[in-house]
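Given next, in structure tokens, is a single chain: the form predicted alone.
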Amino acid sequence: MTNKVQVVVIGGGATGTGILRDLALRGIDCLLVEQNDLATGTSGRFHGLLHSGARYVVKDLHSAVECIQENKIIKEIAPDCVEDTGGMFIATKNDDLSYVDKWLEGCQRAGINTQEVSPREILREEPALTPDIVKAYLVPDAAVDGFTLAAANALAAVKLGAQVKTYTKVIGFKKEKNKICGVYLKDKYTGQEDLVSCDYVINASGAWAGQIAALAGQVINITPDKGVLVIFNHRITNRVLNHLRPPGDGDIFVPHGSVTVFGTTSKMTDNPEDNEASREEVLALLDEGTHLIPELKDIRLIRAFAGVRPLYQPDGGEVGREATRDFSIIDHQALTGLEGMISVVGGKLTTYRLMAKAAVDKVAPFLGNDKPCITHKERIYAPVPKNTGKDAHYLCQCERVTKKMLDQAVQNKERFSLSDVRRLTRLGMGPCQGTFCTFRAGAYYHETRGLSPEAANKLLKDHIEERWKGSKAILWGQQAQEAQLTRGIYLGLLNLERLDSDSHEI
């Protein structure tokens, strides 16, 4: 890693990696630092919806317009990361039908195409839906893989000369005459500390943006908002399903690969790492979901998790669902006189590219760079393409993950976990939640990467423990049976409790 760059980007989610790519395309020397792996914050802990904007048209028209414009661009530039499922908004006999008229008017004003379909037709295509449908409309929603999107942006930037440093924590800033001129970093594996000199810092650390700003003596009013989601073991619907009512808890179902993600809730938290769901939160979600999918409680759950939305309210303003989903660029020089740093806050994954453009447009003139943004013109590619050929060797049948995909996921990496591999390949994200593919992947890397038995055991144990976190809140019915099977394999056959994962590194 070089000790001098023009710009340091802090945060490895969709926004941070999008900023890195935009900088690199304009020929700006840049480095991204992330305290964990890419997309381990909000960008990897949401429902995976590429918004059409229809959800926001009644109360947040500006955000809706941004969403539909970026929806079209992302489908064009990142097809590897998007499944263009289409979406539907459903109103039932128990909903306020006056809201439907407001919603249709908002969609028209935002430029969002809607197509009304009859309840009979939508039930024929989506038989899991409630028979109490009164109104149904199709919209251009889609499913997006936040993990792959962040990795694809980072890969594109690296190919242009940018640098990415994961598992690296920002511990401070170097200042000269009230100007940021360097960032102090600490390697989370080795504990080594370094100083990287720079001309500018872009703080894109999401729910951690306030903590990063505080290291520079700045105050940002981030209000972390926790949202709980659950995953079902198959695709309940073929399209994204939205409840046609004012946004609330439990009104979005998103098909992803072989599963369905359902959520979400909205609850204030003071901890950006508050990412575990409780049994009570899950049960409350299921109650809401039955208004759209009557048999929902009979469908097998395989995981529950939570993400934290980094909502920004400069003056204290609205919180939770009443807060805007718009984004802001905070110019610290204009506010406090601190030069060499901006913070990008708020927003949502669907508008990540637009947020990146606004940030780089702000910084580039300070660097003497007048090149325009071209991120809407250049395609990005997934680091690990899907391999489904007839000769493929699958190690994860649920998500069709091959040996070749495992090789691609760890190219040029000195250290990695199976969770890192999962984010790029979907290893362990299907119905078995890693029960069968975890030990296969650990053994494969032992054979092909020359890992010691201790290091391979660490891969295995850490991944199973991570998968377990998402199962604790949903241990009933079929998932409880699956947990017992996993327990039998890893505790009975593989002696997991006695594997030493504390004193060895990969």
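We number the residues from 1 along the sequence you see. Keep in mind it's a predicted model, so treat the numbers as computed, not measured.
As for the form predicted together with a small molecule, it is not shown, yet the points below apply to it.
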Stretch from 122-130, 410-418, 306-314, 94-102 whose residues place a heavy atom within 4.5 Å of the small molecule in the predicted complex: 306-314
Selected contact from 89, 147, 200, 208, since only one has a non-hydrogen atom within 4.5 angstroms of the small molecule in the predicted complex: 208
Among the candidates 154, 349, 241, 401, the residue which, in the predicted complex, approaches the small molecule to within 4.5 Å (heavy atoms): 349
Joint contact, 438, 470 and 474 to the small molecule in the predicted complex, by non-hydrogen atom at 4.5 Å: no
Non-hydrogen atom contact residue 357 with the small molecule in the predicted complex at 4.5 angstroms: no
Partner contact for residue 46 in the predicted complex: the small molecule, 4.5 angstroms, heavy atom: yes
Contact test in the predicted complex: residue 489 vs the small molecule, heavy atoms, 4.5 Å: yes
The small molecule contact in the predicted complex: residue 36, any heavy atom under 4.5 Å: yes
